[in-house]
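Next comes just one chain, in structure tokens: the form predicted on its own.
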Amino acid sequence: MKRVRVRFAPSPTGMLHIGNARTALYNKLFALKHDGAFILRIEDTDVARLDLGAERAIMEDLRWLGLDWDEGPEVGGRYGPYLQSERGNIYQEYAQRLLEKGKVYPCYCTPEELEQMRKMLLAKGERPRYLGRCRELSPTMARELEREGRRPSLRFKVPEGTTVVEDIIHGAKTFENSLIGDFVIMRSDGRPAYNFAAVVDDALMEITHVIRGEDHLPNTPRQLLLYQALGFAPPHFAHHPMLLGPDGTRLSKRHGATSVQAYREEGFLPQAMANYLVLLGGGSSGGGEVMSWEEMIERFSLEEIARSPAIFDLGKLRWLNRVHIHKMEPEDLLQHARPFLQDFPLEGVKEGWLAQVMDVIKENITTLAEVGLYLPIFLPGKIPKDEKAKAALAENGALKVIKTMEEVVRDLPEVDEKNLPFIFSKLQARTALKGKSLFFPIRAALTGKMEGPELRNILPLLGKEVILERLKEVLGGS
């Protein structure tokens, strides 16, 4: 049995869309589950739509998601090159083979003539397709058209009959060849058309399974015809359902962020994003919703993916992100949070202490971007106080609590977890207060806000010196 080989083949025309990331994830999981290879191929022949920098950004997003490739750009492999722009001679060679076999023919139709043909078919209520105008063109007529300056494309001669696509997810799908129409395999400027390049590349790279979105399903009969004409054995196909927004339409910018990069910048974890994407549309039954990478690999199944579209639910993603943040080890969380700490004065701050801070903060955040809401609490220096904190400090008896707290802390050698019970019992004994009346003023003075990590977790990380400074600041301003 051939070793499983799958590929993800994005076009660098923009940022990595969340739907395409899901396709890449499915391919990666399938390869890992079957001890196969995951190949990255860049389909960069659409010169007009190329986005400089998109190729690099796509690779960065894939690596961020944990979707490293076994073969492809920056990695290499025996089936390269892995950029279609570097495979021009290969496409020319196989196009010539089809020409010699009589499977393709030159087409001299102009864009204006093709548009006129399309409008005519639409007016008749028929599906737009090429009607074979140049299929039986005589050599004399071809030379005359070339003298006019026309440069031909190459069109594939679609045979009569039907083409059946055996799809792992959707089952057998039958397509009438007469509705396909002869399609272009090589453009007049010498560049390959998508279907032709994909077939040549997948065949030569020995791809065993093509896993992609169902929007590619109409391309598959064309590709199967090309496999047959070229004498290649086709791979297995699996077309997963598309992602939709909450309103049931295709996921787009009007629903919010759609690129992986945008979710990275909003502070989502790669583990949570991968976890959520693999949940969408099924394919991972047999357990809970929160999964590690090992569980995603073990439970993934193409056969169990639903045929109906999946709805992208930002609320569910946020919930999963919160769960993964809470489960993460402090040191790992700190590394993921680094991009969100760059604006804070952390020179000289010890890594171990900062990891402890992350461990305390994580109970109150849903995304890594929210770390900035609470990190200033733990750093030296004055902290701003929000309106709720100011109101708490203005309550009758609040300053008495602050003064008592200062006296208790001042007499201690240090503030740590061991002496917290002593601090709290002394405060209660000296003020005759408890609960909110006792702890709200302290929280307001030390953190500047009335929500956030528990006070018992904050105090040991602040330490005696910072605690006294903040208490004195409040008392001095009274």
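Keep in mind that what you see is a predicted model, and the values were worked out from it rather than measured. Sequential numbering from 1, following the sequence displayed.
Although not depicted, the form predicted together with a small molecule is the subject of the following passage.
Here the chain stands alone, but in the predicted complex its contact with the small molecule, taken as any heavy atom within 4.5 Å, falls in 208 to 216 among 332 to 340, 403 to 411, 208 to 216, 376 to 384. Contact between Glu55 and the small molecule in the predicted complex is not found at the 4.5 Å heavy atom cutoff.
Residue contact with the small molecule in the predicted complex: Gly19 places no heavy atom within 4.5 Å of it. In the predicted complex, no heavy atom of Phe175 sits within 4.5 Å of the small molecule.
At a distance threshold of 4.5 angstroms between non-hydrogen atoms, Ala24 is out of contact with the small molecule in the predicted complex. Out of the listed residues Tyr105, Tyr82, Phe300, Tyr194, Tyr194 is the one that sits within 4.5 Å of the small molecule in the predicted complex by at least one heavy atom.
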